[in-house]
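The form predicted alone is given below as one chain in structure tokens.
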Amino acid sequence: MIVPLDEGVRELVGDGDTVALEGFTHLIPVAAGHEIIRQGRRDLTLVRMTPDIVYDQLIGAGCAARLVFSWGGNPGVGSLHRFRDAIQHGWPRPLEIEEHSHAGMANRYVAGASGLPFAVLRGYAGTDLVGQTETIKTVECPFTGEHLAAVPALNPDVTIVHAQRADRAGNVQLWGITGIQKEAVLAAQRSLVTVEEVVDELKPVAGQVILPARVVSAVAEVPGGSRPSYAHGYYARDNSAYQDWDAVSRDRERFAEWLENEVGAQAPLPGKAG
């Protein structure tokens, strides 16, 4: 159950998998994302409510064939330039996208975690997403006749999240802003949780979420595993890293240098930035 990070990724993430790395502002599994890059995984469908810089890095490294999401950006800074390059220029490879609202994505995870085939919500009204995204349909309520949005359940092949602690049996404890992590883990076929520390006993914390060992495939102890995002009770958000990423990600060659120096991986460089 407790494994090194490289072993966890090697055993649980395969080429062509649908992979969710969830975390909202807080506890983003950045170290796990970098390990996926190092291991050269390809043709992934990446799922995330709010893809930020670690998804920009995965896309720029050529890991992703498809992105399912509800918002994408460098929070507090601006655009994701590796994402933009893939969409606008097909570099390093074309990227297919499937866009939803936050509510739609959250309900898709909940449906997946609940064993349901789809979710129903009052959403998407007044947007053009219904006309742009094939996985948004309209259904009629059999009781009131009201027309509602329907979206298919999300069941990733593997969900990866970061948390503060796990015990040696593999039970995971997280607290603070916990986003959709619990539902994303419960919806997945397999799950990997990176944690700040493995402890003998999980002491109760206000507002905690406990993921029992029975729903977690593997745990990897990775101190600092969510940097530059933050881990409540352990370290703060590194705002300068997000600002620095904007300049790094604008240029293909500079990105490739960053990837080699900071992640230890090679990026495809068929040509200079256009």
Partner chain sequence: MTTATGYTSDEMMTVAAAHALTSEMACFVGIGLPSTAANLACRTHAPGLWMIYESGTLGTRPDTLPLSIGDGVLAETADTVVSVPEVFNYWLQPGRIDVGFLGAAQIDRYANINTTVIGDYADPKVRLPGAGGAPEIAASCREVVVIVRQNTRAFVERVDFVTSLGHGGGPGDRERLGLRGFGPTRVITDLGVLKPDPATRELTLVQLHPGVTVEDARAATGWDLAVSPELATTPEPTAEELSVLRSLTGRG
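Source: prediction; values computed, not measured. Numbering follows the first chain given and starts at 1.
What comes next is about the form predicted together with the partner chain, which does not appear here.
Site residues Met49, Ser79 and His102 are all in contact with the partner chain in the model of the complex, judged by any heavy atom within 4.5 Å. The candidate stretches are 219-227, 36-44, 53-61, 22-30, and the one lying within 4.5 Å of the partner chain in the model of the complex by heavy atoms is 22-30. At the 4.5 Å threshold, heavy atoms of Asp128 reach the partner chain in the model of the complex. The closest non-hydrogen atom of Val158 lies beyond 4.5 Å of the partner chain in the model of the complex. Within 4.5 Å of any heavy atom of the partner chain in the model of the complex lies no heavy atom of Ala166. At the 4.5 Å threshold, heavy atoms of Arg84 reach the partner chain in the model of the complex. Contacts between 163-202 and the partner chain, taken as any heavy atom within 4.5 Å in the model of the complex, involve Asn171, Gly176, Ile177, Gly179, Ile180, Lys182, Glu183, Leu186.
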